[in-house]
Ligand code: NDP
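One chain is shown next in structure tokens, namely the form predicted on its own.
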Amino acid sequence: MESRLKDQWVLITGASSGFGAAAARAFGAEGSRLLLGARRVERLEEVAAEARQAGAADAQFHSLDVSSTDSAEEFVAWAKERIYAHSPGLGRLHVLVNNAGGALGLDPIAQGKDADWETMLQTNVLGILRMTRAALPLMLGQPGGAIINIGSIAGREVYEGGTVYCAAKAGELQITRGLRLELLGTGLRVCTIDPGMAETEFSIVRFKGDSARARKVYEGVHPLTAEDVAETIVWVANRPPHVCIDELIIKCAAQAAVQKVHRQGAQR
């Protein structure tokens, strides 16, 4: 059966690596048309090529920093030009994947750094608001479209050293819930996908390049992969137009809660 996502325009933020890059390849395999944004343009070029190889009907990219209103609005204006060039007057953005975000540091509040706090809140919270506000005019009037926000189980449970990141992801969750209420009756679907432990660049970024420390996070565990989460994103987007997966939590079998993880060799 032909995918509902074939030839549909899909915009993905934070598409240069991790969940975003894997989602680009997964939507590409559905025959979608991709608009990819991130700060690392050279990486975006590689991801766009991989998406085309996977089967994307189109895959274009442009620099994007969701912590900047100007950058977000410039990106969406660029996306609008691409969509309308393909379908003058009729083009619509079908899926918005608000994926850009991440954590910085694992400091307790007493030793926290303003720069880390501000980056986490800018990308995980304000970035979603900026991109959604800018993209909504391209989505309204198209029942069945989907806004998919990438959250975390950290938005539902708190852990020491992760307070600000947890607060940011709790903000994402409440934005998703509020937007669902605000858009009721438009036919647009609003969803949050909240992964648990997943091995991507997440921990390397959090620990600012300390790969040895990042590897320890996943020792003795078979964590989620970027592809696992990407498959879930595509599944949510590909439901029938009347079906909205409001909230979806996905964890590896070895993780029952944020700090309840079974590691191979550990005592039960």
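The shown structure was predicted, so the numbers you read here are calculated from the model rather than taken from an experiment. Residue numbers here begin at 1 and follow the sequence given.
Beyond what is shown, the protein has a form predicted in complex with the ligand; the following relates to that form.
Visitor: State yes only if every one of F75, M139 and N238 has a non-hydrogen atom within 4.5 Å of the ligand in the predicted bound form; otherwise state no.
Guide: Result no, not one residue of the spot touches the ligand.
Visitor: Might S67 be said to contact the ligand in the predicted bound form, defining contact as any heavy atom within 4.5 Å?
Guide: Judged by the heavy-atom cut-off of 4.5 Å, S67 is in contact with the ligand in the predicted bound form.
Visitor: Heavy atoms within 4.5 Å of the ligand in the predicted bound form: does R40 have any?
Guide: Judged by the heavy-atom cut-off of 4.5 Å, R40 is in contact with the ligand in the predicted bound form.
Visitor: Heavy atom to heavy atom, is A135 within 4.5 Å of the ligand in the predicted bound form?
Guide: So A135 does not count as contacting the ligand.
Visitor: I'd like to know if N99 sits close to the ligand in the predicted bound form, meaning any non-hydrogen atom pair within 4.5 angstroms.
Guide: So N99 counts as contacting the ligand.
Visitor: Let me know the one among V125, M197, L104, L183 whose heavy atoms come within 4.5 Å of the ligand in the predicted bound form, would you?
Guide: Checked against the cut-off, the match is M197.
Visitor: Counting only non-hydrogen atoms, which stretch in 183-191, 110-118, 150-158, 76-84 is within 4.5 Å of the ligand in the predicted bound form?
Guide: Single hit among the candidates: 150-158.
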